[in-house]
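Laid out below as structure tokens are two forms of one and the same protein chain, each shown alone and named structure 1 and structure 2.
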Structure 1
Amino acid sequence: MPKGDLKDLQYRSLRALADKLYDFNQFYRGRMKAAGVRPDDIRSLDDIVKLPFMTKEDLRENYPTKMFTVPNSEIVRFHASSGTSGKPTVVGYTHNDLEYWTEALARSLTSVGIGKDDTLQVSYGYGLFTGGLGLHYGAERVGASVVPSSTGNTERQLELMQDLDVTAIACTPSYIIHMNTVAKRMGIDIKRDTCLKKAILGAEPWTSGMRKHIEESMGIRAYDIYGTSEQAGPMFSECEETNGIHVGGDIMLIEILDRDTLEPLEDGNEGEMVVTMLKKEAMPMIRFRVKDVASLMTGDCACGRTSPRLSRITGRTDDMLIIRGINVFPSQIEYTLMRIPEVGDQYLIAITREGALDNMLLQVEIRQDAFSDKVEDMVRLRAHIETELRRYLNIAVTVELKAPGELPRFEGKAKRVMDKRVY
């Protein structure tokens, strides 16, 4: 679609969305009124800046479904992702929401040449996480044969990859590196002993250095795919040119704003990403501050697609961590710890990478009255803390108990997270 036509389409979608939400939804009408803006004030796409922002905190305050704008009878699916405190963010989908999500993924898979002759192993988690089911539906839409292997049990995954002549895989970049290590241990050379040709990698930050390593060591092409649960899930990927993520502009409108002033930036400049979902029904999203840092790319893509292109995600403007593809906010860790009476108020998080896999070590001070000389008491307490963290965060954390006063104190803002991973 010519760029001018896309802008017209985006404007019409935005205006219809603003009209609908102003008329029928209390939350959005309240927000627009507070910002002193009415839908008629949106006279061009540039007027989007008049609309107020939404954040993850809005979702938290309206947990679980108060942000939904359709009755429950219209909801056909739920997914959930990490929230900033004890509760996750719940995302609901109508039938149409699943439809444009699947369409977005079908376009992405097509753009990297995956179609009915391919067998795609989906090694993203199936379940509340959006990666597995998202790619699954997209791949079925393009007619590929899907191997829904989900995460874990790497040896079995490698056997299936060989036995079913898998040609493409979708997983996190760190998982494919891990798979390669396990494959070598099993005496399998992915380049020589499998039919794997392509990998669709995302859900966590990675670099062009990692791409080079993956491509060269496994003899495959690796493509970046991006999305967040609030947007629907994984959605948009690079094409075969690997020169930016093609964003379906009819589905999602991206603004890149200055990190400090939140004023719009010209294409080519890196800033905070703000997204408006133009087709979302169950849980609309206008100017949602995703907190990812990226830029919109200038120039045209050699593939001929005219859609806006997003650079790699280079960071975040908040403190969210991604551990083995799972989002973790330090505030969730704190929230979980503070509910355990034996735990004091000092803790330190260290994240390291062993081979391709992330590890989280949590040092926690115990309160004086809970401290015991009996080793079994301390072992039990440590196991209890690890279980609670696993229950709330869904990841394995190694806990180390510390005596009261043993952890460093900070003057001013405490630095509780040490991310020692090298990308």
Structure 2
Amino acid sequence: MPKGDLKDLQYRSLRALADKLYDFNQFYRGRMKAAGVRPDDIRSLDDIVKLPFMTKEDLRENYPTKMFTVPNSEIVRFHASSGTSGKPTVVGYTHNDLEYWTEALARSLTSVGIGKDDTLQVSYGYGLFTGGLGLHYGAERVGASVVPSSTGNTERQLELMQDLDVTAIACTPSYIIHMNTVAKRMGIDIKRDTCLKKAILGAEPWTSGMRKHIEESMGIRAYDIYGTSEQAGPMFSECEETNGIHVGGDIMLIEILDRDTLEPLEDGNEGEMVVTMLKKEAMPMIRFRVKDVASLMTGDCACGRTSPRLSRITGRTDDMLIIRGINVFPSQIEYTLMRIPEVGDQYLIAITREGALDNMLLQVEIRQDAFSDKVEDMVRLRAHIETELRRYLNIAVTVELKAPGELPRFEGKAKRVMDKRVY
């Protein structure tokens, strides 16, 4: 769609959404009145800045269904967050909500070349988590065969991958790395012994260095996919050019705002992402502060698609670690580690406080071929890693080297940070 036509479509959808919420949802009507804005004040797409923000705290305070704009008789499915950072959030779906979610994922899978000749192994969790069912229905929409393996039982998953000639997999980046480790232990070479060619990876931060490692070690192409449970679930992915995540602008409107002033930024500038879901019926969202940090990319994609492109997520405004006054994102640490050839796949960040000072301990597994019994070699390597981290993070980090397999593995989202500070 020409970009001008898309903006017109987005404005019409936004205006209709504002009218609906003002008339039929007590929460939104109260927020809009408090902000001194009515739907009639939204005369162009740029007027979206007049509308109030939503946050995850709003969802928790209105738990479980006070944010819904349809009766329960129209809800056909519920999903919920894990509640690890507070009270869980519940998301409801109408039949149409599931249709546009499936459509978004069908577009995403098509953009990475997955279709009726493929078998997709879905190794995201099925259940209240949105990942598994989302990819499942998207894959069926494009005609692919689906292996709904969910998470866990990794050895059996690898057997199914071989037996069913699986060509693509959808899971977290940490889990596919874990699968590769288990495969090697079983004597399976994924490059040689499977038909796997593509991986759709998301649900946790990962870097371009991690992509390179996965692709080279497994002989596959790895694609980033984005979405949150509040929006619907995983929805939008990179295309085969792997140069930004294509966002269905008819489904979701993205703003990138300055993290301090919350003022709009020009495309190409990194800031806090705010999303408006233009088609949701059960639980619409206007200007939801996702807390992810990214940018909207400039120029056109070589694939020919004209949809807005979102850069790789570089961090979150709410998982940012403040260490002795310096802002640090776990993704920055991973980026640095992936540039050091001797470093393996696994690491763990432990934050402690001694008196008034914060300390960061980074436990890092070393590759088998780089691990040495000579103390001087390990001391030299540890010093090199600490120097690189200081150079990229501008903060001193204590590194503790671990042998291959010594750190814990996770079959779902990797737990990379242990913040032990007491405030």
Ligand code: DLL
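When a residue number appears, read it as a position in the sequence of structure 1, where counting begins at 1. Between two forms, the rigid core is defined as the largest C-alpha subset superposing within 1.5 Å. Because the structure is a prediction, the values reported are computed rather than measured.
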### Query
Of structures 1 and 2, which is the form predicted together with the named molecule?
1
### Message
Rigid core aligned, does the Cα position of residue 334 differ by 2 Å or more between structure 1 and structure 2?
### Response
yes
### Query
Taking the rigid core as the frame, does residue 17 move its C-alpha by 2 Å or more between structure 1 and structure 2?
no
### Message
Need one number: degrees of rotation of the smaller rigid part relative to the larger between structure 1 and structure 2.
### Response
159
### Task
Fit the two forms on their core, then tell me the C-alpha shift of residue 382 between structure 1 and structure 2 in angstrom.
33.0
